[in-house]
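We begin with a single chain expressed as structure tokens, specifically the form predicted alone.
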């Protein structure tokens, strides 16, 4: 099956055309600066030449039209006609308490996604635009929604409830939802394959570390806790997000600096984290370069980042009553030798016998611990697009057999 996978943001679209039988992309690309005269489409067919097209793309409807056109292109396309697109898989950020798995998008489903806009005001509207645009251009092709939050929807109430009046949870659905669920699901399953053990028998901590970062405790295949909460702001220190903090700090800063709610939201989400502490960058590569040059603020930011990851690993090992594996993924998790090293050193008490030499040369899927290590640490590149494509294939095939 050929599945068009779409990840629609407010001013961007990432896409892949995936052949599910081979679990590989036929082409991938993205459109940036939607809504501007100088929008940029970058397209790369597998094994072919990467191209860039600059032009006026004013909305998501036009953007999807461009995507389909380049996929059909005589020189750079990977399909001969639109009928070769069997289905469309959409990344949808927030499913609230409504969706616990991937679903066929119907009018009722789309309405429910709209109902969750207040839980993800920056993301769900863009996801909806992508769904509506795809329907315009692809008609009755089946469309599937794959939710970031769904994998975490089976957490026990003692893990997802906050210590606020229960009436506020019931009235406004204020609870821990968690995000990056598709990534956590993918890498935990790949870890089981590498270890040759059933997912239902393992206790795994997955660390998705990028500009946004989260950790999940996965016990017997179920996410029982995760660091991001009601929003992606909670948990680890991130590129521009503060992560965990005393709520009173926010109130205190708002009073002292005379900040509005919007100002405070911008500060916590855009000007905190690595960039806030270092004053240098939100990019871990640049933070590490600054550390090597003796920049003390960058060193502090690096240490806070890695310390919080280590703290969560200890907490989640305790929460699950043991630990079999730790998985690093995401841009930082996959590529930063120093972050993995700093996080894993001194974790011998958990049963981690880290191999620092393996860590330095690790590529693709790799085990980073010594053979006698009781707990295995792995580097596994994530592949959220493949998860979306395979979920789409399964749902479409299930519909055909009904």
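Positions refer to the first chain, counted from 1. All values derive from a computational prediction rather than experimental measurement.
If you look for the form predicted together with a small molecule, you will not find it shown, but the lines that follow are about it.
- Checked against the small molecule in the predicted bound form, the candidates 218, 325, 309, 332 yield a single residue with a heavy atom inside 4.5 Å, and that residue is 332.
- For the residues 293, 256, 114, 285, the 4.5 Å heavy atom test against the small molecule in the predicted bound form is passed only by 285.
- Look at 28-36, 335-343, 349-357, 48-56: in the predicted bound form, residues with non-hydrogen atoms within 4.5 angstroms of the small molecule sit in 335-343.
- When contacts are judged by a 4.5 Å heavy atom cut-off, residue 303 does not count as touching the small molecule in the predicted bound form.
- Contact annotation for residue 211: at least one heavy atom lies within 4.5 Å of the small molecule in the predicted bound form.
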